[in-house]
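In structure tokens, one chain follows: the form predicted alone.
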Amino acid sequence: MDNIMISFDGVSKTYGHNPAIRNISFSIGKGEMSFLTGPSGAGKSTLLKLIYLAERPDSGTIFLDGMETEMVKESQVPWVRRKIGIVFQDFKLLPRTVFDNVALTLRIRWMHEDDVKPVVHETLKLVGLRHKADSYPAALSGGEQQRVVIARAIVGEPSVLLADEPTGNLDPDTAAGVMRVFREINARGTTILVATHNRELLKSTGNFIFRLDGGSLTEEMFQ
């Protein structure tokens, strides 16, 4: 398990009488970038929620960086989530400056304000938005807003980055730009799992792809 960042072993999750995830087993190594694909309703979002402890499995075992998530108490969840950056499809940006949106992650960890500024500016530089630090989300394009979300997710240097349909609302060129940012982040050692139904993103990626359908893992392949 030393080289495995995420591991599912026989994991199932049901909402009422509707199974969302059925007996899923797979693993993702540290520093890998992988994709999770499948049609809407296939269980992709549920699988991500299980990783970041927004949901708990009904059966099976999940390991995150060698830690069994079922052993994590609710009071410990916020600390575990410090290992995880999350990029949502709906941006969830605050009506504050780009700088403040990204800095929020550090401020809630009580980082000294003198230390916050250089870290935020370096992160914005990584996603190509250093010049937009004083702008407000409403003045940004969809692609720029998504890059703010990515910056907010990675500013705390998480071990894992999860992205749920991160290009769903973007045009193809903007989506390609967002994926280039992910690859640069991955090159720095962050483990990344991207959930998407966009087949164009999956062409010739050189990454591992997991396919879900009806809550079951139907295919694993390199692309």
Partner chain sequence: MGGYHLKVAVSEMWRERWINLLSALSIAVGLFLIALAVLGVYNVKIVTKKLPERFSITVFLKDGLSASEVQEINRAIRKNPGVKTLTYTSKEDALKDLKATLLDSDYVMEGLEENPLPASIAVGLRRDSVTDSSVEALARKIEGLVGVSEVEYGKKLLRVIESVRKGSEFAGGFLISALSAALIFVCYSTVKILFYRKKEEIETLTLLGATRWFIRAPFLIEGGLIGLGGGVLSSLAIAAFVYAGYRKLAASVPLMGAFSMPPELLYWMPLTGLCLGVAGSLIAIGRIKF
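Numbering follows the first chain given and starts at 1. Nothing here was measured: the structure is a model prediction, and the numbers come from that model.
This next part talks about the form predicted in complex with its partner chain, which is not shown.
V72: touches its partner chain in the predicted bound form, heavy atom cutoff 4.5 angstroms: So V72 does not count as contacting its partner chain.
is_contact(Y52, its partner chain) in the predicted bound form, heavy atom dist at most 4.5 Å: Residue-level check for Y52: yes, a contact with its partner chain.
Contact label in the predicted bound form: K117 to its partner chain, heavy atom within 4.5 Å: Answer no; every heavy atom of K117 is more than 4.5 Å from its partner chain in the predicted bound form.
Heavy atom of L126 within 4.5 Å of its partner chain in the predicted bound form: Looking in the predicted bound form, residue contacts with its partner chain do not include L126, since no heavy atom lies within 4.5 Å.
Stretch 52-84 - residues with a heavy atom within 4.5 Å of its partner chain in the predicted bound form: In sequence order, Y52, A54, P78, W79, R81, R82 come within 4.5 Å of the partner.
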